[in-house]
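Here we start with a single chain on its own, the form predicted on its own, put down as structure tokens.
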């Protein structure tokens, strides 16, 4: 059944075009997982995460600095190459400077009927952030209503929240299976499932995910491999995780925004629906661009390491990603205190995977040399 998720991943654009034709709805591409998908889904929109294709890019140079992260440049390249030509709109909730430039360059060079920049607060640890974001969500809702020419009703938002929360619950259930000493799915399979949840109609994804979970009984793909956690920047690179798991290793959990950080917490029901949605995005495990003045995600990472019986950590930093680069030394130090070896990779999704394989092999050999297994 994993082939269904793999097919969705590999043919994401075909799926979106077919969905648009079938439902007569609009598709909006979003650049960051702080995008309030529930509001868009309530309006009959399919929110689709804009991701790259992991290939060398030369079309972005006139539009974005070469010293911006390769992930952002790769995302912009997909628009410049016309691969997202079915989008009716794009939107960005304020995250990092690099994604802001990708969004702005897309807005200028690849016009779409609707574009929206939502000033998601960086200071999510402030009590004022909740009311601030709630008001921004109301403005965003009105902008979507004006674009589509229809009202987004409370019952539509309730339905969207219910469907999205169910997806989060199912993903939690899937991830929880990986805590066992007998892991029933690989990290690559989990990645196919999690990433497609950011591209596929959540109602359809829920149906398939529920069936998939039921097929995993008594399955074991562990084979005494080293249990790893991936921590850091966006990572939807299937070839990278496939390479890692071709070695004596298995990724049992992750902490990044294309993985667990995307679905980790739910929207709590409240009569003020927009406040409930705002609270969900404020309270989610924070991106390092917003995780200040206190480093709250450190405790979250520690808990994941313990809950999933992690034996080694791969710290992934997209090249030129300053927020994650600032975090890595603190995370590495904490993991060392816990007795968990870690390896930092400055990642570039547009270069061949071979050089990373050599480095991961060396890391795993070090673990074996320390007689940890």
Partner chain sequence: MSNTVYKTEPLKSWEKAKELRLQYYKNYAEAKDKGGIRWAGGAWTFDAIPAGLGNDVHSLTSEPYAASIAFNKELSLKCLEAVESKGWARDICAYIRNYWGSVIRNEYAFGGPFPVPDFIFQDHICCSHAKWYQVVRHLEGDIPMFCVDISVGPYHELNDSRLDYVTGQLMDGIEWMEKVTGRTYNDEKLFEAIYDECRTTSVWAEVCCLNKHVPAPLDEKTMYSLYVLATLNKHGKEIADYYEELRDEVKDRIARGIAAIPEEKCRLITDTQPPWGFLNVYRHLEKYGAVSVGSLYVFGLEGIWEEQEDGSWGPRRTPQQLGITFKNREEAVRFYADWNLSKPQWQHFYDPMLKVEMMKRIYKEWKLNGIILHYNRGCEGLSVGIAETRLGLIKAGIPVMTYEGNMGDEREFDETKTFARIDAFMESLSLK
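All values reported here derive from a predicted model rather than from experimental measurement. Numbering follows the first chain given and starts at 1.
Beyond the structure shown, there is the form predicted in complex with the partner chain, which is absent from this document and is the topic of what follows.
Enquirer: Is there a heavy atom of residue 330 lying 4.5 Å or less from a heavy atom of the partner chain in the predicted bound form?
Expert: Taking the distances in the predicted bound form, the answer for residue 330 is yes, it comes within 4.5 Å of the partner chain.
Enquirer: Give a yes/no on whether residue 129 approaches the partner chain to within 4.5 Å in the predicted bound form, heavy atoms considered.
Expert: Yes, contact at 4.5 Å.
Enquirer: Could you tell me if residue 114 has a non-hydrogen atom within 4.5 Å of the partner chain in the predicted bound form?
Expert: Looking in the predicted bound form, residue contacts with the partner chain do not include residue 114, since no heavy atom lies within 4.5 Å.
Enquirer: In the predicted bound form, is there a heavy atom of the partner chain that lies within 4.5 Å of any heavy atom of residue 156, even though the partner is absent here?
Expert: So residue 156 does not count as contacting the partner chain.
Enquirer: Counting non-hydrogen atoms within 4.5 angstroms of the partner chain in the predicted bound form, say which of 180, 222, 135, 265 makes the cut.
Expert: That would be 135.
Enquirer: Select from the listed residues 186, 101, 196, 167 the one whose heavy atoms reach within 4.5 Å of the partner chain in the predicted bound form.
Expert: Contact with the partner chain in the predicted bound form is made by 101 alone.
Enquirer: For the chain seen here without its partner, which of 302 to 310, 35 to 43, 320 to 328, 22 to 30 has a heavy atom within 4.5 Å of the partner chain in the predicted bound form?
Expert: Comparing against the partner chain in the predicted bound form, the contact stretch is 320 to 328.
Enquirer: Going through 102 to 125, which residues have a heavy atom within 4.5 Å of the partner chain in the predicted bound form? Please give them in sequence order.
Expert: In sequence order, 104, 105, 107, 108, 109, 117, 119, 120, 121, 122, 123 come within 4.5 Å of the partner.
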